[in-house]
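Single chain ahead, written as structure tokens, the form predicted on its own.
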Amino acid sequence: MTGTPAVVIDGMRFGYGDGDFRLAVDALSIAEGERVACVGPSGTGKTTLVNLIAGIQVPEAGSVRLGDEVVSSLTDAERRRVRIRDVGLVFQEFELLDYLSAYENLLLPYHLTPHLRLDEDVKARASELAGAMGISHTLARRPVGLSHGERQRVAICRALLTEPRLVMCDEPTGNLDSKTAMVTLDLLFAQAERHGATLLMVTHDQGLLHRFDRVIDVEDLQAEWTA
């Protein structure tokens, strides 16, 4: 770890319309290259925190910074560019497109922006990741023909393929057996270390926490709400 902040949150306030949910984080800093687990009971805001860091959602107040960019101040198009270029995301629902094969889903980020160039090196890296995750034999299938765990591993490979500087995963091992969960975590750590990426992972698996540099509990982050 270099100690350089990869993520900095300052005075952030976010709520869902007229609902009761509120997330208030006065300060959070994650160092470049740090491996952080995010824990907390369901409904406390773990997924919301990931979405705010990625620029999928925007806070009502305060700021969210990735590296040198204050993503909370960018336009929707600018946040999308940063997300595709610099952030690898593994969603709980995987977000695979039904009409594409697993291989096409894996390569999807390279068809969404001119900032990423699909070449033979990328294709070779895709094959390498698929092999490491044990899904090479599934790449011609569409998501409907994949098991839950296989869809999960396709989503993880897609997140790693762009060699992002920040990888964020929402329960990436939640539906995997213990052996595959460890293989998945090993791959995430190895790829993050290889490319100097920061890793933030939401998890309920207490057995994995010792593998991380730091564990943050969203309930402990929650500050008093101020409008």
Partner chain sequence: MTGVWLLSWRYVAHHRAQTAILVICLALPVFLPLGTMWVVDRYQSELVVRAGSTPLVAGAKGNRFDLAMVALYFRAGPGNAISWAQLEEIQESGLALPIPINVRHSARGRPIVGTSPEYFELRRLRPRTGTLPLCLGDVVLGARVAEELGLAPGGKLASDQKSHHDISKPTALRMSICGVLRKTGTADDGAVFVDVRTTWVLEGLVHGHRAASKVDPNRVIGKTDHLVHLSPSLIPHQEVTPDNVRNFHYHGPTHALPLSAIIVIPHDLKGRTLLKARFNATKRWQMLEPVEVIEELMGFVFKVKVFLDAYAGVLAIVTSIMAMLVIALSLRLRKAEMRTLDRIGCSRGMVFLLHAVETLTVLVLSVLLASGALLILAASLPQLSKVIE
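What you see is a predicted model, and the numbers here were worked out from it, not measured in a lab. Residue numbers count along the first chain shown, from 1.
What follows is about the form predicted together with its partner chain, which we do not show.
Can you pick the one in 39, 56, 36, 181 that has a heavy atom within 4.5 Å of its partner chain in the predicted bound form?
-> Here the answer is residue option 56.
Candidate site 9, 24 and 30: all three near its partner chain in the predicted bound form by heavy atom within 4.5 Å | Per the other structure, none of 9, 24 and 30 touch its partner chain.
Any non-hydrogen atom of residue 76 within 4.5 angstroms of its partner chain in the predicted bound form | Because a heavy atom of residue 76 falls inside 4.5 Å of its partner chain in the predicted bound form, the answer is yes.
Tell me, yes or no, whether residue 117 is in contact with its partner chain in the predicted bound form, where a contact means a heavy atom of each within 4.5 Å.
-> Residue-level check for residue 117: no, no contact with its partner chain.
Partner proximity in the predicted bound form: residue 84 to its partner chain, non-hydrogen atom cutoff 4.5 Å | Yes, residue 84 sits close enough to its partner chain in the predicted bound form that at least one of its heavy atoms falls within 4.5 Å.
Report whether the minimum heavy atom distance between residue 46 and its partner chain in the predicted bound form is within 4.5 Å.
-> Result no; residue 46 lies far from its partner chain in the predicted bound form.
Choose one stretch from 67-75, 145-153, 93-101, 126-134: the one whose residues place a heavy atom within 4.5 angstroms of its partner chain in the predicted bound form.
-> It is 93-101 that comes within 4.5 Å of the partner.
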